[in-house]
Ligand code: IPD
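Next up: just one chain, as structure tokens, the form predicted alone.
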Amino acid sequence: MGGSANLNIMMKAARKAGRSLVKDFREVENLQVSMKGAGDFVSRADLAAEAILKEELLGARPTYGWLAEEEGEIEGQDPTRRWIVDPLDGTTNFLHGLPHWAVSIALEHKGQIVSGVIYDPAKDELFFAEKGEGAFMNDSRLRVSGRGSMIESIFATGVPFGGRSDLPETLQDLARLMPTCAGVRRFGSAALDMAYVSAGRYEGFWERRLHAWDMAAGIIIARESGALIEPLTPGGDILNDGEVICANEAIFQKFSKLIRD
């Protein structure tokens, strides 16, 4: 599929950062790691990938704004456009040698996500979408699962770690959901969880206390694949509140009612 100039810039940047991360992943035991907080680490690989993305994206579009995990926010000369970037979503997986992590890039225009790329270098799966143009993985069109029965459906979420205060709420979610479905997965990358809903690998996903860079690319990819995606709290704002729920249309009402009760 041929995309816009911006989408091609994003895909090129994601692949370049991915190649850098793969090299470091092969030597993960030798990485110098510093503590950022309870259960939340940053590595040289993470910072190097962000530097690559910044060079590629701002090099191509120097007037755009920038929001990324490690470096924070930079206001651009163009106030209507902003890159939202996570150079390594799934850092803990990466540092433990688990091959499930991704580069995530989104483009925001006038407060709306209009393009998104999620690249999984370990599996060479590139998920991408533009507003109104559909969602794709490599050369294949993405569509959400058609399953409408809860007992046949698999869901994904993030389970709070390191004593986070939202653990009881998530355990209550799981207690309501798990007896009704085929399983719940916790794979450690919100970006890939949303991409997997888009690919029909999961029927739905929900999570709290995320950041904009965790979700931005996943939002447009999920919507363009046919998923329904909403703030976890009705009337809220996904990116600002850091809460999201998404699923295929057939399962959304049943699933969201269980989680929101």
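Each residue number is its position in the shown sequence, starting from 1. Here the structure is a predicted model, which means the values were calculated and not measured.
Unshown form predicted together with D-MYO-inositol-1-phosphate; subsequent notes refer to it.
- This chain lacks the partner; the member of A199, I229, L67, L210 within 4.5 angstroms of D-MYO-inositol-1-phosphate in the model of the complex by a non-hydrogen atom is L210.
- With D-MYO-inositol-1-phosphate omitted here, the record of contacts in the model of the complex names 80-88 of 80-88, 122-130, 174-182, 148-156, defined by a heavy atom within 4.5 Å.
- Residue contact check for S115: none of its heavy atoms lie within 4.5 Å of D-MYO-inositol-1-phosphate in the model of the complex.
- D-MYO-inositol-1-phosphate in the model of the complex comes within 4.5 Å of a heavy atom belonging to A190.
- Taking the partner from elsewhere, R186 is found to have a heavy atom lying within 4.5 Å of D-MYO-inositol-1-phosphate in the model of the complex.
- Proximity of H109 to D-MYO-inositol-1-phosphate in the model of the complex falls outside the 4.5 Å heavy atom cutoff.
- Using a 4.5 Å cut-off on any heavy atom, the residues of 149-166 that reach D-MYO-inositol-1-phosphate in the model of the complex are, in sequence order, G158, F161, R164.
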